[in-house]
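Only one chain is included here, represented as structure tokens and corresponding to the form predicted alone.
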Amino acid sequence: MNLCDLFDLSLKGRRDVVALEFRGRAWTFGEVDARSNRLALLLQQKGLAAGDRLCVYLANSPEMIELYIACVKLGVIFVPINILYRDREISHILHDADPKALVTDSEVATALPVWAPAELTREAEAMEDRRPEVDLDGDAPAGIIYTSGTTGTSKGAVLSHNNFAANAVNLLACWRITSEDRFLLALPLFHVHGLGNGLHCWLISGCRMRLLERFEHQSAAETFCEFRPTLFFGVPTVYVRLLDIPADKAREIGSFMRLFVSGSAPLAAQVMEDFRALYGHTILERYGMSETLMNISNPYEGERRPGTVGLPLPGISVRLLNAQHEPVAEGETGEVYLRGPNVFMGYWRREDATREAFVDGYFRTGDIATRSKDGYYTLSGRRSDLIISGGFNIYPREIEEFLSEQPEIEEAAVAAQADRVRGEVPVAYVVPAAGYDAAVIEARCREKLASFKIPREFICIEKLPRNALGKVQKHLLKKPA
């Protein structure tokens, strides 16, 4: 079985039902099926075959969805490129993935064939409504997702049909997603959050989805109240923006919503509490990666514990190991290692990196976490973010959470600064709010934090550098003199 067999639960089983809305237009599942069939035959006519790569550099659109489904039907490996990337980053992916062509609306310097999505759609209208006959099993690669590359050039994580399928089936079961849901998707489809979770949950469940090109906080309340979704996936920065919606509108939105999910970056416990007070809903936080899709999730039924990412999803084994690859005790920090049907096939044409990424069959995530006695996992940050000061381990997220709770600070990030005596010391980058006073904040830190965790400097900045999914890019923070 491959993804097509699961998609057919909706493409064929619900073909007359409205599937997708975008900018005032609507398409049924049958129309999505027919359009992607024609597009798959056109790609085949243009010389693409199973195993070839097709790079796609597009903003959210129905054309991007149809291209993905067409690639799945044809066995072509879909390679989405972050729409915020520019020449250097795009060139790296085009060189590394070695695609047959690039689909984009933008001007990109490349010797590859470049196809405009509107032109492909026009050409595809002349093709038959017939699915190409391709023999694919679940181990066939479906996509290559490039990592954010914060510690070097980005690597392509190869995800199979089985990886995407196992992830989606888990989420449908654990988050109770059904054809009765109305799904508002504003996440970018170039990322596993939008593509791996959003698109696959929609297609397999057969729910009705409204796709947005991007999240716009100015019109968010109007969009929610007009479409009246029951399901929404977001990142922490989106939920911070939703806290600005007036209380009466927030209560109205909460009255028809069923589930808010957050991921792609840590959700501050204070944001979760403020959101619950305003909307009457507890956000469900979960933990995933480009290489593994979703791993751990707070439960749909049961406690959604602030600050934690919950419990391992079905079929996924989690180990917390120290530097010697030994298990750590409950409450102690260790690196997260994962094994399961969600874990990727390896890095594209990087056998060395793939070998380094696995230990005894478990994927080494680079994320640091603790596990509670009752099995909830709490992320402490990245292994690369760890600050070692005078022999003490400092996990920045603990300090960041405390700083974010202060009303005079909108958001904060903590990073290492070299120190002659202690090796490293923590430095805080803060976006100040009204009444901010560094001396007052430092005094509060001294009351609540161990002395070695107190930031040695508080640096005010206008905003934290983030990627398209809202994850703070600490390597872009300007180091203090």
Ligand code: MLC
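Rigid core: the largest C-alpha set superposing within 1.5 Å between the two forms. Residues carry their position along the shown sequence, with the first being 1. All of these numbers come straight from a predicted model, not from anything done at the bench.
Beyond the structure shown, there is the form predicted together with the named molecule, which is absent from this document and is the topic of what follows.
With the partner omitted here, the residue from G254, G390, P299, G315 that has a non-hydrogen atom within 4.5 angstroms of the named molecule in the model of the complex is G390. Taking a 4.5 Å heavy atom cutoff to the named molecule in the model of the complex, the contact residue among V79, M294, C207, A369 is M294. In the model of the complex, the named molecule sits within 4.5 Å of a heavy atom of S264. The named molecule is not shown here, and in the model of the complex it never comes within 4.5 Å of any heavy atom of S154. For the chain shown alone, I177 is not a contact residue for the named molecule in the model of the complex, no non-hydrogen atom being within 4.5 angstroms. Residue contact with the named molecule in the model of the complex: F215 places a heavy atom within 4.5 Å of it.
Residues L379, R382 and K474 are none of them found to lie within 4.5 Å of the named molecule in the model of the complex, as judged by heavy atom distances. Only one of 190-198, 129-137, 103-111, 351-359 lies within 4.5 Å of the named molecule in the model of the complex by heavy atoms, and it is 190-198. For the stretch 84-114, the set of residues having any non-hydrogen atom within 4.5 angstroms of the named molecule in the model of the complex comprises only L84. Comparing the forms between the shown form and the other one on their rigid core, the Cα displacement of A50 stays under 2 Å.
In this overlay on the rigid core, K453 has a C-alpha that sits 2 Å or more away from its partner position between the shown form and the other one. After superposition on the rigid core, displacement of the C-alpha of L41 between the shown form and the other one stays below 2 Å. The pair Y287 and N393 is at least 3 angstroms closer at the CA level in the model of the complex than in the present model. Between T378 and R422, the Cα distance is smaller in the model of the complex than in this structure, by no less than 3 angstroms.
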